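The chain below stands alone and is given as structure tokens, in the form predicted on its own.
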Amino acid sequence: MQEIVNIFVKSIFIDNMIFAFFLGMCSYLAVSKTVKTSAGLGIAVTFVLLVTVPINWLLNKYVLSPGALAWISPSLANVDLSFLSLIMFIAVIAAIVQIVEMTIERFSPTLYYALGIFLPLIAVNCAVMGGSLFMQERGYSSIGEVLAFALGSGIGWFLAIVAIAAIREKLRYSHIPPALQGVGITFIITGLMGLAFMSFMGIKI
């Protein structure tokens, strides 16, 4: 249990997708103009991570890893399908994103049109793909650890985009040099927030 809590906290603060790895920056910069829209996208990304990472972990464990097919037949113990990992991960992510897109369009048309092209682009959001690749690289041993990592990564990305959106809303009333207005000042603030999040590296659970 302690290891699951440790993974969850690390995923939010220490290994934050935005501030530690700068993954998902395109959506982060483009959508973070208002808190409402940012929160909607953050929830959607969190949901996609929470669904796709465990599914991809099961695929990796029981189908794609070297010798993973031994549970079907001992004769398949030498089969290695790891070269299909990227294709399979992408297929799972694209399918889940399509379901999320249709659901949001059905129940929240306002949010659907506010997110625009960046909703279907969750399928190619490197934070979502990075979640599955980190899961594979770190070799989590149980579904509980995978769920903790996925949820923590999603919450970390959600906090990052909502925080920068809140700051950008306040910046409208600030005097910013013309050369830094828009994306320029956002990059600077993101760098400062990344430095601030580095302080969490001292946490020992």
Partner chain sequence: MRNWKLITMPFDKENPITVQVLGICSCLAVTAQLKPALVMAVSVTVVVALANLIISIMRKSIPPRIRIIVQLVVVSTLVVLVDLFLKAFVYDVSKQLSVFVGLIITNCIVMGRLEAFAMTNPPLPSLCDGIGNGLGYGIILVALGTVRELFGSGTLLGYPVMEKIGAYNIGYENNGLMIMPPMALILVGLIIWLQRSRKG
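We call the rigid core whatever largest set of C-alpha positions still superposes within 1.5 Å between the two forms. Please read these numbers as outputs of a predicted model, since none were measured by experiment. Residue numbers count along the first chain shown, from 1.
One more form of this protein should be noted, the form predicted in complex with its partner chain, which is absent from this view; the next part is about it.
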item	value
Every residue of V5, L58 and L119 near its partner chain in the predicted complex, heavy atom within 4.5 Å	no
is_contact(I72, its partner chain) in the predicted complex, heavy atom dist at most 4.5 Å	no
Distance check, I99 to its partner chain in the predicted complex, heavy atom within 4.5 Å	no
Non-hydrogen atom contact P66 with its partner chain in the predicted complex at 4.5 angstroms	no
Close approach of F13 to its partner chain in the predicted complex, 4.5 Å, heavy atom	no
Contacting member of L81, A94, L111, A77, with respect to its partner chain in the predicted complex [4.5 Å, heavy atom]	A94
Interface segment, criterion being heavy atoms within 4.5 Å of its partner chain in the predicted complex, picked from 154 to 162, 43 to 51, 140 to 148, 24 to 32	24 to 32
Sequence-ordered list of residues in 175 to 200 near its partner chain in the predicted complex, where near means a heavy atom within 4.5 Å	P177, A179, L180, Q181, V183, G184, F187, I188, T190, G191, L192, G194, L195, M198
C-alpha of L86 moved at least 2 Å between this form and the one not shown on rigid core	no
